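Coming up is one lone chain in structure tokens, specifically the form predicted on its own.
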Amino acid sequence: MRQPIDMQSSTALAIASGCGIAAAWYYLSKTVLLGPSAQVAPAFGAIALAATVPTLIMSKTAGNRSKTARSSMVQRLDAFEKHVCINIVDAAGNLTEVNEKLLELTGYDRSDLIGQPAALLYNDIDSEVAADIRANLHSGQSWEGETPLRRKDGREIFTQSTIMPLFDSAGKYVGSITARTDVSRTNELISERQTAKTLYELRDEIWIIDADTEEFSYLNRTAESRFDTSRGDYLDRSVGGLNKSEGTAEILAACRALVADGKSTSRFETVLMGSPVDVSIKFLTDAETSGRYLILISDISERVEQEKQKSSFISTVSHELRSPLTSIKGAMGLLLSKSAGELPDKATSLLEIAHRNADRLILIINDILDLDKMANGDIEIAMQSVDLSELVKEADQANAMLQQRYGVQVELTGTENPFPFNTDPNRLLQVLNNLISNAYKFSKPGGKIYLDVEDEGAWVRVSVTDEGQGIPHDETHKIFNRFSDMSNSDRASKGGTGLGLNICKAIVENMGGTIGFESTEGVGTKFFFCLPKAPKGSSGIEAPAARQSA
């Protein structure tokens, strides 16, 4: 509406100006001129001025308006070109023009692109999309959508594009012009927002802690619920400052140990604020900061309860099975001793197989009953003074038959001199036999097993190292679980109940010690346990960490 009003005002002003100048000429010339010309010139001059002056004024005004409009359009196009990537393609599909914004976005020089096929800028576009673009352009219609763009360094970015056809004066298609904006960051932000929303709603807890300040930078909804807090309350508060309940200190210590040991991951089970949980920690390095700890915490209360019920059931069944199995084994022993007379060779062979399997079943039942006692705190530890060196040698000799079977040599260190030690010799032999027999089973033929006893001041450390296939990295967390079976263990051919390591852990911990392992897949595994020289419960002795690695 403004433009017509402005034009009417300009026209009226021009006519008024012309009339004013004409009137002034008429009266001035009437006064100055004399004779016959005084009768003609004023009138004709006034008419001429009234006609020409408005035209001249209107022409000047239109020129100024056109110049202003052109200047405004140039400014708008300049702003558009600085914000938007533009390229022009001829009918053959070759680039004929690109602007600086496109060069900046893609990393190309102008000489890299001009005269080259436009396909140079694209990663693979869906064939249907490409066909749709061509059909639109040749029919005179524009095309809008998201297209992938290939940078000079090979990276892919995404652009929102508008592609418009170009025609000559005869209506012939001569190419297209494309205006595009980079939407890669927008897509990333949308993806990050969706990921953050998903993490926030997870049932498991997510903690993110700054490695330098040990302050929370993120808690998802489940974690907020545990701490009874919200983002405004926990942000930039330390783990210790937010809550000092049972379990948080252990998690924080595990985080610090990752950095101290130069590792990136850790996984363990603990009790957090009265609930059994599985904790997985990942140390994330960051060039701008000292790094962050990403902590995933899963409540395993339901699993623990199920394990208790399963353990109770297995224990009950085991008690009921042990008595009849003992009787069966005894009867078969009598038959094998020929107390009932001679048996055919075939019957004797079958009876020997049954007798061996009865032995194995009784062994499994005894292991299960041991575990049940340990779980209920009923394990009996009879401490006495022994020579630890002789005890280790005894365990080695007890497994000598395996040395011939698997073709593996054993090397003892630290047992050259007597090593007085206070422990339960039967329970310690149980641990040693489990670790040594495992080392034999998983060693490579012709390899070595190393038994080592080390005096570490207030502690003694015993280790059993094999040169076997090692433990898969993603299975290290379950190595001490009941009935655990590694993907590369082949228990069917090697034997075993899947309870040995769990029993070892229970015995060592009941004697006040720690147990752990170090393993490299394809190289071997070292199992070790540390026991205190002083009686269990003595103050001033801190247990060494039971490290686990792969």
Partner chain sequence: MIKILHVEDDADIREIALMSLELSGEFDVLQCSSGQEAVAKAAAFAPDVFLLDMMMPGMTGRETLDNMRKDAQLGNVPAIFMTARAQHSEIEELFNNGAAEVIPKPFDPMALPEQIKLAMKKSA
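Given the structure is predicted, the values throughout are model-derived calculations rather than measurements. Numbering follows the first chain given and starts at 1.
One more form of this protein exists, namely the form predicted in complex with its partner chain; it is left out here, but the text below deals with it.
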I have S230, R237 and A253 flagged as a candidate spot, so tell me whether each of them has a non-hydrogen atom within 4.5 Å of its partner chain in the predicted bound form.
no
Just to confirm the contact call: exactly one of 344-352, 315-323, 129-137, 440-448 touches its partner chain in the predicted bound form at a 4.5 Å heavy atom cutoff, so which is it?
315-323
One residue of T162, S301, T285, S327 in contact with its partner chain, assessed in the predicted bound form (non-hydrogen atom, 4.5 angstroms):
S327
Just one of N426, Q309, S264, N357 has a heavy atom within 4.5 Å of its partner chain in the predicted bound form. Which one?
N426
So, S339 and its partner chain: in the predicted bound form, are they within 4.5 Å at any heavy atom pair?
yes
Please check if E380 has a heavy atom lying within 4.5 Å of any heavy atom of its partner chain in the predicted bound form.
yes
Give a yes/no on whether G145 approaches its partner chain to within 4.5 Å in the predicted bound form, heavy atoms considered.
no
Are any of the heavy atoms in R226 no more than 4.5 Å from a heavy atom of its partner chain in the predicted bound form?
no
In the predicted bound form, which residues of 353-372 put a heavy atom within 4.5 Å of its partner chain?
I362, L369
